[in-house]
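One chain follows as C-alpha cells, the form predicted on its own.
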C-alpha cells in the first residue's frame, strides 16, 4: 500500500483584520499519496490559495497539522522552512518567475547553488538534462525575454525539478497560456507523475482538473466531499458546491436496506463511505448479490430515469456502516436538466449495469456443476461485421454474449432484414439446437465494435438444458418469443414491398 506523502489535519487559517477576524480555511483534512496527481479547484476567495500557501510555507496555519514526507512543517521556523523547501519542494508559478538577467541554463542551476547540491560540473550537466526533458535544451543560453510564455513555463518546470523534490506544487500553471500550450504543459505533468513525482495543481480549468487522478474542490474554506466530486464529475464547480451545500450524508447501519426491489424509486444516492451490496430476487426465492459499490459510486438512478420502480435492492454491507448522500427526485431532475453530460453518463451507466445484472442473474440460475461448464469456455473476440452463424447452416453451438452487440438478420430472396439486436448478457443459437438443427437467422457482430462471445458445444448446451430447470424454462420462453417474431416478419414479407426495412 502506498504511503501518504501529505497529511493535513484540522487545518485552520484565520486572518485578523480591522473589520474583524476572517477564517479563510476551516478545519481541512487531506491525504495525498506518493505519485498522485491532484487538481485543486475553487472560486476566487474560496481558500484554495491560502491552503496552497500553507503547504508551501509561504503562509503559516493558525492551528492544525501539516506533515509532508514525514516533516511536520507546521512546527518549523522560517530558517527550517527555507531549508526544507529548497530540497523537498518544487514550485511552478502562473507567471513563471524566471530571473530576467540570468540565462535559461543559469535559472535552472541557481536552486542547486542556493541549496549547495551537486558539484559545479554536475549542476550544469543536470540543468542541461532537465532542459532536454522539457524540450528546451536548444534555448539554454537565451534570456527569458527571448522565448515564448509556453517555453518559459517549461523552463519553470525544469527549475522546479532541479533539486529532485518529491513534491511539485503548480499554482495556475496554465492560466496564462493558450489552450494548445496549456495541453503541452499538462502532458508534461502527466509524464512527471508517471515517473513517480507527486503533483498538486491549482487550476481554474475544470476540464484539465478532471484528467488528474483526483480533484479537490474548495468552497468557503472547506473541502467539498471528494466522493461527491468523483461521482458527479461531469457537473460544473458551481453545481457541485450547490449540491454539497444542500445535502448532508446519512448513515445506514451494517446489513440495513437502503432501497428495496419493487418499491417506487424517488431518490438518488451517492456512497461516500463504506460499501453497499446490490441484490436481485430469484424465481425460486431469495436474493443474490449482483454488484458491490464503493465510495464514489452512486445508485438509484435507474428508477428515476426509467419506469419508477426499483429493479434491485441495495443494502449496507455486513462489515460496517455506509454513509450516503441522498438527493430527492426534484433535486436529481434539476441536475439532469442542467447537465446533459450527467444525463448521458447516467444513461450509459444504466446500460452497463443492466448488462452486468443480466449476466449475473443468468449464471445464478445454473447450479455449480453447470456454471463450471460456462467458466471453462473461454470468451472469444469476434471483429465488427463478422458473421457468427449463417441462416440455413447446421447449428452445433450456443453462444452467450459477454460484451458487445450482435445483429440478428433473416434472408428473403436477395434481401436481408435486421429483426433484432442482442447485447451483453443475452444469448443466441438455441433455436437450431432445439429445432430442426438448421439456423433460422444470420447473426452478425454489430458495426459498433467487436463482440466477446462464449461458445458452448451442443453437448455442453444439452447439459445446461437438462440439469437446470431455471435455464431450461428461460430458454423455452425466449425461443417461443423469437419464433413468433420471425414468423411475423415472414408473414409481412408475403406482400411485395411490405414490411419495415431496417
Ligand code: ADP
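What you see is a predicted model, and the numbers here were worked out from it, not measured in a lab. Positions refer to the first chain, counted from 1.
Beyond the structure shown, there is the form predicted in complex with the named molecule, which is absent from this document and is the topic of what follows.
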>> So the named molecule isn't shown here. In the model of the complex, which residue out of 49, 62, 442, 468 has a non-hydrogen atom within 4.5 Å of it?
In response: 49
> Is there a heavy atom of residue 45 lying 4.5 Å or less from a heavy atom of the named molecule in the model of the complex?
Replying inline: yes
>> Check residue 486 for me: does it contact the named molecule in the model of the complex (non-hydrogen atoms, 4.5 angstroms)?
In response: no
> How about residue 12: is it within 4.5 Å of the named molecule in the model of the complex, going by heavy atoms?
Replying inline: no
>> Just to confirm the contact call: exactly one of 22 to 30, 66 to 74, 430 to 438, 447 to 455 touches the named molecule in the model of the complex at a 4.5 Å heavy atom cutoff, so which is it?
In response: 22 to 30
